[in-house]
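Here we start with a single chain on its own, the form predicted on its own, put down as structure tokens.
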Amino acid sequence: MAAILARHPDILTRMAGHAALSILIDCPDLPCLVLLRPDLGRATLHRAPPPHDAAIAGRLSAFLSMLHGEEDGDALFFSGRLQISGNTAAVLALRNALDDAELDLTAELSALTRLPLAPLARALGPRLGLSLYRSA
């Protein structure tokens, strides 16, 4: 998370006063929960829910399609594919900041691993129901 924020510092600016809040990500198809602290540039893994200010729950495919701009976060929420609890303003601030950052997941993963992941993303994307690769 720190590396992504270093490349996209506007995410924290866009979150304003909500960046110091903790947001729990709960995907039932992942083996752990993820607690985000944007202001600290930290994401920690947990087996049980730690104290948090807000939570987002849903399948990994819903999160990925929202992050990659393939599906609207509001539509995912109103369809029930994503559930939000706690400080909804913090969740909205995070979603809006990520939308504005226009993250390319393939580029972000490639930067983190220093590997050219576009071929892998093209191969795995359809299995996840996504096109994780954006052509330039």
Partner chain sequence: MDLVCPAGTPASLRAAVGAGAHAVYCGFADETNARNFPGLNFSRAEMAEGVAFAHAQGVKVLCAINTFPRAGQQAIWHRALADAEAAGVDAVILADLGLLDHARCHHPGLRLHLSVQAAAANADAIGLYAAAFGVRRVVLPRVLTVEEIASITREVAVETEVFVFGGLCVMAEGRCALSSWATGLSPNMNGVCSPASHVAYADTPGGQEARLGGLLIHRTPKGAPAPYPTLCKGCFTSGDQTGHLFEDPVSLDAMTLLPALKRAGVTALKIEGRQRSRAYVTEVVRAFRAAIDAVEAGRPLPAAQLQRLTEGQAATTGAYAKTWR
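Numbering follows the first chain given and starts at 1. Small disclaimer: the values here were computed from a predicted structure and weren't measured.
The next section is about a form of this same protein that is not shown, the form predicted in complex with its partner chain.
- For the chain shown alone, His52 is not a contact residue for its partner chain in the model of the complex, no non-hydrogen atom being within 4.5 angstroms.
- Its partner chain is not shown here, but in the model of the complex it comes within 4.5 Å of a heavy atom of Asp100.
- Though the partner is left out of this view, Phe77 does reach within 4.5 Å of its partner chain in the model of the complex, counting heavy atoms only.
- Taking non-hydrogen atoms only, Ser85 approaches its partner chain to within 4.5 angstroms in the model of the complex.
- With the partner omitted here, the residue from Leu33, Ala93, Leu36, Ala62 that has a non-hydrogen atom within 4.5 angstroms of its partner chain in the model of the complex is Ala93.
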